[in-house]
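In the form predicted alone, a lone chain appears below as structure tokens.
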Amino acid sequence: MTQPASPAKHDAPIPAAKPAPDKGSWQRPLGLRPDVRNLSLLGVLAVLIAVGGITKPDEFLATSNLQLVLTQASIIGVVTVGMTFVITSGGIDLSVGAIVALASVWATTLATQEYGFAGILFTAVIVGLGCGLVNGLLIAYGGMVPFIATLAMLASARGLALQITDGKTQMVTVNSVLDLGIKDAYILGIPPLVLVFAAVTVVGWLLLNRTTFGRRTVAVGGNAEAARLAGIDVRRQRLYLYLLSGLCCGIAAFMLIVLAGSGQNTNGNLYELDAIAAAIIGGTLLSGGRGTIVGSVLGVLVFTTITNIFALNNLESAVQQIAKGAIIVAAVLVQHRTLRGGEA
């Protein structure tokens, strides 16, 4: 009687099935944990405050100066919140400064000011959304590279702003708008513009970290093709992101109108560089897939404090730009090192 063949003694055992990957694993940042990174930025900010307090104690630590720092940080901070979403998705927006300029001058024309506070605010927001819509359509549905599309918007918006103003400053005559910038409007010593920035920051944090929209943004930035195969409409998501960036620019333009009391075609100069730099040093990955609103806000505060310290000490703006550039390079190098360490 034939015996059944026994299994070979040297057959390799069948490997156990690998556990399914955690669905949320793609959201985990590599390298430094967000809390460690934010604590590091807080440490840098504390050092800068100490430097300012030592070099110019009377001027820097004055309540009026601290209010000024927060107010200046608020305008670029709102722009940075929108920029953080765009960069997290793997995109870039070089047109934010020009959009702020265009929105500010369009909202301060005599025809617009006839409609008062609501007319100025509505115009600034609509112009920002309109520019964001153009950017989004060109990039998401036109197939243009974000760098090129937003660079074209930068040139076009600056040119249109110059044409509207004819190179002149447009003064605001609506008292209800100007009153927001005076000390009588401060709430418990906090300027209204700072409260607007705080509200935008909270909404941005919730949107990025607690909603499907935020998860889709991270997914598109991490791997757009994988996001598409997972059922995400990548093109529509990108359109929404540039609309969001345009909305933030419109809000920032209105805040700038309140602060300056005027609209100029030179408004928002280099805002795009400041916003990108603040987001990067805050921990947002330039290649996409990771973003942090809290880190971006801390980055804005670091740069604004540096600017204020340099101004109080009468240091040349060239030295200030060199210092900012060194911080950006250091932040990018840290990102690369931590990413390589996380992938090892």
Partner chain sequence: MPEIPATSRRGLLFGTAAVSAGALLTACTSNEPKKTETAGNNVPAADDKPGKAVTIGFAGPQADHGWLNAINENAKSRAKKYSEVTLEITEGSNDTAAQIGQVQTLINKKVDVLVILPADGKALTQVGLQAMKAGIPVINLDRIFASPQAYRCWIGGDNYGMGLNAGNYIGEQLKDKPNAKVIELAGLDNLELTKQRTQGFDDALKNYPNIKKVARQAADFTVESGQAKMAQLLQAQSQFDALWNHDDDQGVGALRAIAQAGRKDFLMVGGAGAKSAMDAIKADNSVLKATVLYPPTMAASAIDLARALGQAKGVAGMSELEIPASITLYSAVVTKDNVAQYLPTGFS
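Superpose the two forms; the largest set of C-alphas matching within 1.5 Å is the rigid core. None of the values given here were measured: they were computed from a predicted structure. Numbering follows the first chain given and starts at 1.
Below, we refer to the form predicted together with its partner chain, which is not included among the displayed structures.
Using a 4.5 Å heavy atom cutoff, none of L39, G222 and V302 lies near its partner chain in the predicted complex. Residue contact check for I182: one or more of its heavy atoms lie within 4.5 Å of its partner chain in the predicted complex. With a 4.5 Å cutoff on heavy atoms, G167 counts as touching its partner chain in the predicted complex. In the predicted complex, at least one heavy atom of L256 sits within 4.5 Å of its partner chain.
Interface membership of N308, defined by any non-hydrogen atom within 4.5 Å of its partner chain in the predicted complex, is confirmed. From the list 167 to 175, 209 to 217, 110 to 118, 123 to 131, the contact stretch for its partner chain in the predicted complex under a 4.5 Å heavy atom rule is 167 to 175. Residues of 258 to 276 placing a heavy atom within 4.5 Å of its partner chain in the predicted complex, in sequence order: V258, L259, A260, G261, S262, Q264, N265, T266, N267, G268, N269, Y271. Relative to the superposed core, S317 shifts its CA atom by 2 Å or more between this form and the one not shown. Relative to the superposed core, L42 undergoes a Cα shift smaller than 2 Å between this form and the one not shown.
Core-superposed comparison between this form and the one not shown: the Cα of F60 travels 2 Å or more.
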